[in-house]
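Read on for two forms of one protein chain; each stands alone as structure tokens, with the labels structure 1 and structure 2.
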Structure 1
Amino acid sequence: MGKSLWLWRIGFLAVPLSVYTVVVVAPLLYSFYYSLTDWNGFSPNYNFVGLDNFQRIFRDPLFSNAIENTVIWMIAAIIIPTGGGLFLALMLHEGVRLANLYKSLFYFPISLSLAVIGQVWIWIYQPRWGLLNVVLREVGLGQYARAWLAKADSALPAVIAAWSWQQIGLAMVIFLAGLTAVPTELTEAAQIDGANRRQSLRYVVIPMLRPASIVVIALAVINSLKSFDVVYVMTKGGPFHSSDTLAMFMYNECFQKYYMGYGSASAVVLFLIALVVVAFYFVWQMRAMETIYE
């Protein structure tokens, strides 16, 4: 029995592991391999160029621009969806009327693909008849109306705003789940000890939400590192690379310029950055869990 159970375990594990190897591990190794070549994507022939691609990448202004934008995205992702989601969750948890309706409404964007969201926000940002400019003109702020996605200084924030609109709902749901896990005994005890609502929120509820915050922030960071679809749909990284992210840079180098080797090198760099972030998050999470359950 013991032996056949092991066979079953291995058998079942083999299926996901082989899929994982084919769709994740192998392409990853290929990227490492191609990052050392000058492959153009079309040709069956290519040369090994050693670390040339990596030397070039750190001199490339478009790459540093993409790094900068990705960092901006990451910071925004930590602040906006987390803050907004926490705020909504606290409000709805307080027992607002029709709370379930609001919960569904705020969660609704998660069920849409980012391509659809991007298209909807393109209409919102449309300079002539888009919702945003029309509202601005109606309330007398017409001087702020602009071609949001066509200007280098507003394209990136505009795309991040569209993306955050979806992410806030996700953060809200995770925080709501976290809130239901806060024992009412604790908040009641705090009230008996004379804490007002603000104090009980600050010293009891929010610390208890730490596991939920960790999940939300980790998701935000990881999603910001791979931000591509919404950028591709809304601006393709434009105008003139002002909304390029690392993933967009990678796509442009590989599939627009046909620098497959060079694009692979940028993929490797992105992978290393993600690795550092994930390692950092992992250590932090382990520590956080220890302090909570001690």
Structure 2
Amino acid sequence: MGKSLWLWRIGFLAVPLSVYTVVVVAPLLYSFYYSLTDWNGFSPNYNFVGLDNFQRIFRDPLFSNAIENTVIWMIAAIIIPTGGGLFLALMLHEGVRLANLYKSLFYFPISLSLAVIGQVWIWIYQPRWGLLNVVLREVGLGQYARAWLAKADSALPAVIAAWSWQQIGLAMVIFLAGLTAVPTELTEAAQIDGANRRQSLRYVVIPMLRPASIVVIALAVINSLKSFDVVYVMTKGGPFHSSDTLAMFMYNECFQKYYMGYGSASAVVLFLIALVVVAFYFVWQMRAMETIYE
């Protein structure tokens, strides 16, 4: 019976593990290998260059710019979706009228692909008839209207805003789930002890949302590291590389300039950064859980 059970388990796992190996593991290993070569992506002949690509990449100002933009994106990802999602969750948890309708509306963007999100926000940012500039002109702030995606100082914030609009709905749902786990006895006891709503929120509710906050922040940071589709649709990293991210830099090097070896080196760097972030997240989560259950 035991041997038969193991055979069934191996049989069920064989297909998904094979697909995962072909789709994920093999390309990852190939990226590590090609990062040590000067392959152009087409020629069967290429040279093994060792760590030259990595030495070159850290002297590349475009790579440094992509790193800087990615860090800015990560910081914005921690602040905007987390803060916005928490605010919406707290408002809707209070039992406002049509709460379920609002929840559906705020969650709707997460059901759309980032390519669609990017196209929607291109229309919003359109210089002449876009919604944002039209509203600014109507309320007497026409001097602030601009071509948001064509200016180097506003392109990256504009793309981050579009991305955050989608991510806030996901954060809201996670925080709402966390709020349902907060015992009402705790908030009632705080009110009996003389705490007002703000104090109850600060000292009771928000500390109880720490597990949900960890999940929201981790998802936001990981999603920010792989931000490509919305950047590609809206700006393609421009103007003048002002909205380049690591994922966009990797794509340009591999599939626009055909420096597959050099682009693979940037992919390896991105993978290592993501690995460090995920490892930090797990350590943080374990310590948070230990603190909660002590």
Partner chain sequence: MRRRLFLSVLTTLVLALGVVAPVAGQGDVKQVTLLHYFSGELGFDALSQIFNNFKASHPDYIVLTNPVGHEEFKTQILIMLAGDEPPDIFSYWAGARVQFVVDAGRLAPIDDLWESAGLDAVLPPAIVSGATIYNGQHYLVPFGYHYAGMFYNKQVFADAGITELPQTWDQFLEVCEKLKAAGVAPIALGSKNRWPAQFWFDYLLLRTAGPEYRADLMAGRASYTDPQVVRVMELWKELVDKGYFYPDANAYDWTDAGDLVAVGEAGMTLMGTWLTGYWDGTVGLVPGEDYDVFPFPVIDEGVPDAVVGPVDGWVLTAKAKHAEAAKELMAFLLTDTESQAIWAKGQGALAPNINVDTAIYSPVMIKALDIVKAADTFAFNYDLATTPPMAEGGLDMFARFMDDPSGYETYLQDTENVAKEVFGK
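All values reported here derive from a predicted model rather than from experimental measurement. So that the term is clear: the rigid core is the largest set of C-alpha atoms that superpose within 1.5 Å between two forms. Numbers given to residues start at 1 and step along the sequence of structure 1.
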For this session: Have a look at both and say which one is the form predicted in complex with the partner chain.
Result: 1
Exercise. Has the Cα of residue 272 moved 2 Å or more between structure 1 and structure 2, judged after a core fit?
Worked result: no
Seminar exercise, completed: Superposed on the core, the Cα displacement of residue 16 between structure 1 and structure 2 in Å comes to 2.4
